[in-house]
Structures are given as structure tokens and as C-alpha cells.
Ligand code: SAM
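Single chain ahead, written as C-alpha cells, the form predicted on its own.
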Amino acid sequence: MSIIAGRTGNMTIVGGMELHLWFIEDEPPGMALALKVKGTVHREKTDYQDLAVIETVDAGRALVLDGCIQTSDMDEFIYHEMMVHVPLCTHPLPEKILVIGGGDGGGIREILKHDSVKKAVLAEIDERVIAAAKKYLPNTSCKLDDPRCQVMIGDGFEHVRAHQREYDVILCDSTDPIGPGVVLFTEEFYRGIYNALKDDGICVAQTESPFFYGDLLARVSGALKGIFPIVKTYVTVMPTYPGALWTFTLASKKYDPVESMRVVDLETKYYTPELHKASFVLPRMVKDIVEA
């Protein structure tokens, strides 16, 4: 017998019957993502958000910020491989990369698979996310201490303002558009990214589920089209994200992500050159959103 009993905790036995505890992530207006959990590994209130690491039955450990799953052992490689390898296999020589957010370290891990990369900078506002990832999510955070990685604790918005024409690729690995992540979905922020990129630079932003955040996807796509000459949305699947269908939006000063794709020898679980191109073939509903 299973019941919804709250967000995190341990299984209890009542009257000889097992009562399982579930993590519930609510999505308006009336849907939710539920994962059966074994217990809470860690929880704290940081200066910016509520942070928890939970142990789930099917998805392994998951990082939860303000009640929303950010990454899980089961499928984090999909998100991180698609966010990273699509732009890095589009740019002819990606050497200096910036990740804004992404304190779990999965983006850094994938970036450092590219031999051309000389430096990967992680700009994360909440140092407690990094600390929790290092301690509780070692498979994801395993490259944060690599000599090519520089961790900078601070506001990603301010970082791009202070670093003009410096990066080949910038990845906006932001949380959902709530709390400290709100500013990372604004036109002003994207103009800052444009200025922080070199003349042939590329950026990618995670742009949420088209089911629950179609208005945000349309707004971000429109804002980027007013700044960059090449803007294209691509899709993937994320089982532990609400809606499962997930979008990224790539903005480039020079290189088209399909026409300029390079085949790079990478050790991946999800990304392939064929999938790289196919991910830009959009479902009609997503195409209608970004072309509105």
C-alpha cells in the first residue's frame, strides 16, 4: 500500500502495512511529478534557497532546490550531455567555456571531455550547492577539482558584465525561473552574454518544458532573436523533469548548430552526432511556440 505522505523522509510501518513516502513536485494547474523515496540524505536552508538531497527508489540520489528536482543519478547525463556537446560540437575550437549556475558539476564534467578546452569557469551563486554535490553526488561533480576548472562563487549576471568578449561558449544552466534563477531569463542578461562572448561565440540556455513553460520559451526565444543572428531551439527527454519533454535554446553569433556540426570522439551515454542534428527537428507544438 502506498500513500502520498509528504516531500521527504523515511518509510514507516503502521498496523503491519508498509506506508511509503513520496517526493511530490507540483506543477500548476493540477499535475505533479512523484518519486518514491527511501529517505532524506541531506537538507539545509542556504542563503538563497531550500536545498535537499534525497535517495529515491528508482532514480538514485536527486538534488532538490526549492522543491524542484535539479538533477538525479538516473538521467542527469541526458541533460548535461545535450546542454554541453551540442554547442561545443558546433564551435570549431571551444577553448574557454563559462557555466552559469550548474553547481552540481555535471556540465563541467562534460565540457572537460573536449580536448580543445583550456579553461572551464563555473559561476555559481550558492556555494552550498557545490558543497552538497561534491559530498553526495560524486558521479556528477567529479571534475569540479580538475585543474582546468575554475569555480567562482557569485552572481552569474555580474560575471558576464565584467568579462567582455572572453568566452567561446556560455551555458546558462539555471534553476527554474523562481528565486535566484529569475534574472537568468531576462533580455538584459542575454545582452550581457552576447557581450561576454567572442565574435564567433555561442550560448545555450535551458528553456524548460513546453507543456508548463511555453510562454517562457516563447519569450526567451524572442529575446535571443533580437540579439543574435542565429537562434534555434532543440529538444530532449528528461524522465525526472515535469512534462519529460525538455527544451534548450542555442544562440550563435556565427555558426549554425546543424550546418557547422563537428563529429568529435566523445565518451557519452546519450549524445550522438545523429541525435545532435535530429534534436533540432521540433515537434509541431514546440515549433509553433518559438515561431509565434
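Start at 1 with the first residue shown and count on from there. A quick note: this is a predicted structure, and the numbers were derived from the prediction, not measured.
One more form of this protein, predicted together with this ligand, exists but is not displayed; see below.
Asks: Tell me which of 162-170, 88-96, 147-155, 113-121 has residues with heavy atoms within 4.5 angstroms of this ligand in the model of the complex?
Replies: Careful reading of the contacts points to 147-155.
Asks: Looking at Val183, Cys142, Ala131, Ala218, which is the one with a non-hydrogen atom within 4.5 Å of this ligand in the model of the complex?
Replies: Filtering the options by heavy-atom distance leaves Val183.
Asks: Although this ligand is absent from this view, report whether Gly214 comes within 4.5 Å of it in the model of the complex, heavy atoms only.
Replies: Result no; Gly214 lies far from this ligand in the model of the complex.
Asks: Look up in the model of the complex whether Ile54 has a non-hydrogen atom within 4.5 angstroms of this ligand, and give yes or no.
Replies: Because no heavy atom of Ile54 falls inside 4.5 Å of this ligand in the model of the complex, the answer is no.
Asks: Is there a heavy atom of Gly201 no more than 4.5 Å from a heavy atom of this ligand in the model of the complex?
Replies: Close contact is absent here: in the model of the complex, Gly201 is far from this ligand, nothing within 4.5 Å, heavy atoms only.
Asks: Counting only non-hydrogen atoms and a 4.5 angstroms cut-off, does Gln206 reach this ligand in the model of the complex?
Replies: It does: once this ligand is placed as it appears in the model of the complex, Gln206 has a heavy atom within 4.5 Å of it.
Asks: Going through 95-122 from first to last, which residues have a non-hydrogen atom within 4.5 Å of this ligand in the model of the complex?
Replies: Ile100, Gly101, Gly102, Gly103, Asp104, in sequence order.
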